[in-house]
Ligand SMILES: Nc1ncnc2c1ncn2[C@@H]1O[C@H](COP(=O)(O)OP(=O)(O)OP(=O)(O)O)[C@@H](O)[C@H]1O
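The form predicted on its own is given below as one chain in structure tokens.
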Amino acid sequence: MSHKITIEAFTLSAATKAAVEEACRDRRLSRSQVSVIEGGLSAALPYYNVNHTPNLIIAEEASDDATILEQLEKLAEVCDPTTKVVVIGQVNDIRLYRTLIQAGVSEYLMAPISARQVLDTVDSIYSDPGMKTRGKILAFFGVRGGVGSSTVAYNTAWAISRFSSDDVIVVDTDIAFGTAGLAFNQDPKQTLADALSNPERLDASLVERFVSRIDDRLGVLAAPAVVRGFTPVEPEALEKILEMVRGLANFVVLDLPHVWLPWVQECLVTADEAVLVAYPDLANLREAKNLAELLGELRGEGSKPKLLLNRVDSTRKTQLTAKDFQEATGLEPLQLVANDRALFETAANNGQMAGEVNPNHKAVDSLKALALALGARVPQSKARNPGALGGQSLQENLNRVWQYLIKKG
């Protein structure tokens, strides 16, 4: 989740300043305005005598608990009622912690702190307590047009819904040329364009009615695929829709069109996983390298994009290898999906997924492995025969086989 808030941090130590600055570079704060001011809690008091308070104040203080409480009382006099305050202190005292929480402080952290603590604290303060489920957003983007990113996205969603214990909703954001409706043999009466056209009236129940249900595990919020009366994608409206959709399923598979617009970049930066789909040739290698570098910077070191090679044919000596892509991008391809034009064209023409046409195909196995690698949960199941496959459970055997497929590519 990406937060859109203003944060002002008043630091005393170089370590705290570095931790806050590192947190600022994380994708979760990519849309936030963050300022770091030296001087600690005592510097915040004169500052807010002449400036409005932000959504969140992070203030470091090295004094004793009595001094901290005295300064916080003065700060409260100039704070907007909606402003949240996080205090970073040196005193390890549960009584102080309880006193600060009772006084209205959102969190008390012990120095030294890490960037992860800053991010987790912001998440805990600004998460929606009424949201029962927060689906994981998987954003699929083809590094060049025609590489089969949509096909991979839809088949991955289908694999998650069929071979795991998770619910999935596909969101097709290619308003003019989206193919999710065709791919799943659906003719929805309401589409993503309808939701985008009037976002202020949306709520979770209305968005749920816009989702076409394939079955109880899989749904599609399709694009209208019309060029007349084109509905532009407004970033804030799409963000609102995605927040509601992710409350309806464990996974949201986001199919992004091959256009480079601010809202597309924003989706790739803020998604839980950004999956770059490439064909193994030189042009794709260049684009994958450029995108890997950009998204690596914007998403942060701990959340680099994933890379997938599609339409891989080992018999074609002109194709580049997974090693070539890894050396150029720094990303080891998560999966290599085998090329079989007849399989995927048959599935597309029938409004089916590849696994429905040929469940034993190597490409289908790769997509199952991709689903697992992206976080799909293998359902708990008892082994049919305690003596079979080394006496392990079905789940253990599936995990073992899928991990083998991942390594094998």
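Start at 1 with the first residue shown and count on from there. Everything quoted here is computed from the prediction, not taken from an experiment.
FYI, the form predicted in complex with the ligand isn't displayed, but the following is about it.
For a residue to qualify, one of its non-hydrogen atoms must sit within 4.5 Å of the ligand in the predicted bound form; all three of V147, D174 and R341 qualify. This chain is displayed without the ligand, yet in the predicted bound form the stretch 147-155 from 114-122, 234-242, 147-155, 67-75 comes within 4.5 Å of it by heavy atoms. This chain appears without its partner; in the predicted bound form, the one residue of S212, N310, T83, T329 with a heavy atom within 4.5 Å of the ligand is N310. Think of it this way: in the predicted bound form, the ligand has a heavy atom of just one of A139, V337, L192, I169 within 4.5 Å, and the residue is V337. Taking the partner from elsewhere, R162 is found to have every heavy atom lying beyond 4.5 Å of the ligand in the predicted bound form.
Within 4.5 Å of any heavy atom of the ligand in the predicted bound form lies no heavy atom of K304. The ligand in the predicted bound form comes within 4.5 Å of a heavy atom belonging to H258.
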